[in-house]
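Given as structure tokens, the chain that follows is alone and in the form predicted on its own.
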Amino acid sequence: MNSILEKANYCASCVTKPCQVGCPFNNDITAFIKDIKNEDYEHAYRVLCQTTVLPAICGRVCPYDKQCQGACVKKVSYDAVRIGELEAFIGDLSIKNNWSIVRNDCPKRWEKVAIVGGGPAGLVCAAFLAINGISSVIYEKHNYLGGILSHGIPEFRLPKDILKKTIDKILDLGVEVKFNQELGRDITLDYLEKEYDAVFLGIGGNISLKMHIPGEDLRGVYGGNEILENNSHPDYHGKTVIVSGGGNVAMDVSRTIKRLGAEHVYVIYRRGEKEMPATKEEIADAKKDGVEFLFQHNILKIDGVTKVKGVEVIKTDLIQKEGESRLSPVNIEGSNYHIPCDYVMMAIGSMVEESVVSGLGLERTPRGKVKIDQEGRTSRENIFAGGDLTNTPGTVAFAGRSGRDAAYAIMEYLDKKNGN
């Protein structure tokens, strides 16, 4: 407990609260940390409940060095306040002490909302609707809730008991769930529109993107997202595995594979270490697990006839292109070489299945996502969306924020519809 108080007291309680601006949920970070300083832990949880229902999760898996901690003023000259650890501490205490999510003092409403997808976007949307007196039903295609929280983040990063108890808190608000209900297979959007006053689409994107290089169809090439979701791994013992990508999924895949016995796991990333989307902690932990990194390398093709035998890579230079803030990788001619390997994992990003998106009949962005406004409204007034289905940034907190924003937009829509 003393170490937690030391970390809390390190916070300068800035009046301008840049950390709050850096947090996707816009949590009042200085306020809940002040409560920790005063050892009023339950009130710290109440402060967090105003904006989030996932403190025990986000405190563990958020890329806080790029979000709240990245905006901490102390980071300019010193180390940032350990906001993630402090948030997880309060989230864990709320579970241990069975503190309920704080409801707003408002009457129960008669409207009902359908939520498609039980990942972070759907769960948070359901929670904030319930907090404000509106019932919802989550339609989930699996027989469990959590989405990427459950099948995309390994146990060593997010313990399953913490996830379950966090979800149970949300369900205790009165949220109903229908499992094994997939949109387009078991239910249709037309049906949901007829049965409910509004619909929120929070379908997760777990189809791994491809690099579109020769050899991607060889046996031994896997999508990182699917490997984590299905938990169906080949035998890695004594094998060499290449992981393409630089985000947290790439880190989770590479660490999981290394822990399952692979002799060598190489993460290949086109840019440098400081440009990696993954958090510093995740990169450091991957190195501790024995994962090896090849920065400023690009995969040109995957070698083999029917099965993976290796990859051809090329080194890259990073240049500043006009009008772009991020350095761009450019292949260095003549720097090609081959790396023998047994498996290749694609972890360069993911998308929602195209047949699902195209079947919605909603206006889309030029990149094929469902088009929404800042509050999650789609081209149909009674349908809202968030998370991977839209242009929401691909982190748990941003997905959750999109669900919360949509919940408030749904309430506004229902009020107008009912003349309130």
Ligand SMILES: Cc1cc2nc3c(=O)[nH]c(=O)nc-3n(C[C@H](O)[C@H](O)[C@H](O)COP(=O)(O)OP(=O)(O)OC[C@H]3O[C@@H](n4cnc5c(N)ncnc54)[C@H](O)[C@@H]3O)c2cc1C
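Residue numbers run from 1 along the displayed sequence. Given the structure is predicted, the values throughout are model-derived calculations rather than measurements.
From this point on, the text means the form predicted together with the ligand, which you will not see here.
Heavy atoms of every residue among Pro63, Val116 and Gly386 are located within 4.5 Å of the ligand in the predicted bound form.
Note on the interface: of 302-310, 236-244, 96-104, 197-205, the segment with non-hydrogen atoms within 4.5 angstroms of the ligand in the predicted bound form is 197-205.
Proximity of Gly91 to the ligand in the predicted bound form falls outside the 4.5 Å heavy atom cutoff. When the ligand is considered in the predicted bound form, Gly394 lines it closely, a heavy atom lying within 4.5 Å. The ligand in the predicted bound form is not approached by Arg270, whose heavy atoms all lie more than 4.5 angstroms from it. Looking at Ala31, you'd find every heavy atom of it more than 4.5 angstroms from the ligand in the predicted bound form. Taking a 4.5 Å heavy atom cutoff to the ligand in the predicted bound form, the contact residue among Ile83, Val249, Met346, Leu129 is Val249. Of the candidates Val291, Ile148, Leu163, Cys341, Ile148 is the one whose heavy atoms come within 4.5 Å of the ligand in the predicted bound form; the others do not.
Residues of 133-155 that come within 4.5 Å of the ligand in the predicted bound form, judged by any heavy atom, are Tyr139, Glu140, Lys141, His142, Gly146, Gly147, Ile148, His151, Gly152, Ile153 in sequence order.
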